[in-house]
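What follows is a single chain, given as structure tokens, in the form predicted on its own.
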């Protein structure tokens, strides 16, 4: 079916052909359920190897919101909340899922989607210097995403700064990696999976937006950090009975480096589009280095553009201009990029 060019987001296509082939090959397998089969164990080992963290606990969940809700609830006591940027996914685009599980999202002002370790430390210092702090929600962990909602990246130095704050206040650092493949594929990035395993108490490797039908891989470098995570997943209704379906997909992503290829491909497509926008005189709201492109368009021109291209409305820029988001993904083709440039 042929319609508009699809650049609205990075999870609209099904799955990478290699993943689909492996799903079909294993379709009639009969294995033990709940992710305790041999295929899923292979996927766990491959993820551990990619992270250079042989003792890590690795669990597979279906989607990002589900994963964030499970992990934040697993880390926190009932009276604790999670610190995040005010633009963080858990704050804006998860329909109050974290609050629904009983934990307040404590937001800090962002700069291009990012917060700083200094901000967090100042917040914590001010919190504990308040004589009445026990009457308030206790900040119990830090949530970041790599890349951020604005496609920006945290450097390794920045993440180490958060680690220092977490160690000082004895709280965990958790990173949402829904688009992690596109961070890893970005030339500006200096953070590896091994680095994440060193600085985080937990993070997840996104699959839904990075070549899979569905699925996210949670990595907990210290298995003792969250006792009974399997049971917590079950309690949240997040345990997939046919767990092999997750294992098959992640094993294919990490068996021969497909995850890194996916990220690099999306970045190359995004770079072509950015260059074309610059050449044609378009402006950017944020010069994101990853696969999300935030372009300022004239409202009148946007009407015709929208008839041919699927995009995401981001925000009103002024009375006559709008900020839109264009996103590339693992499956963006050269032909699609050429057609988009022609429309521009």
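What you see is a predicted model, and the numbers here were worked out from it, not measured in a lab. Residue numbers count along the first chain shown, from 1.
Just so you know, the form predicted together with a further copy of the same chain exists too; it's not on screen, but the next bit is about it.
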{"query": "Which of 197 to 205, 101 to 109, 161 to 169, 143 to 151 lines the interface with a further copy of the same chain in the predicted complex (heavy atom within 4.5 Å)", "finding": "101 to 109"}
{"query": "Contacting member of 218, 175, 83, 76, with respect to a further copy of the same chain in the predicted complex [4.5 Å, heavy atom]", "finding": "76"}
{"query": "In the predicted complex, residue 94 touching a further copy of the same chain (heavy atom, 4.5 Å)", "finding": "yes"}
{"query": "Contact flag, residue 326 vs a further copy of the same chain in the predicted complex, heavy atom cut 4.5 Å", "finding": "no"}
{"query": "Residue 36 within 4.5 Å of a further copy of the same chain in the predicted complex, heavy atoms", "finding": "yes"}
{"query": "a further copy of the same chain contact in the predicted complex: residue 236, any heavy atom under 4.5 Å", "finding": "yes"}
{"query": "Residues 53, 193 and 268 all lining a further copy of the same chain in the predicted complex, heavy atom within 4.5 Å", "finding": "no"}
{"query": "In the predicted complex: members of 196 to 223 within 4.5 Å of a further copy of the same chain, any heavy atom", "finding": "208, 212, 213, 214"}
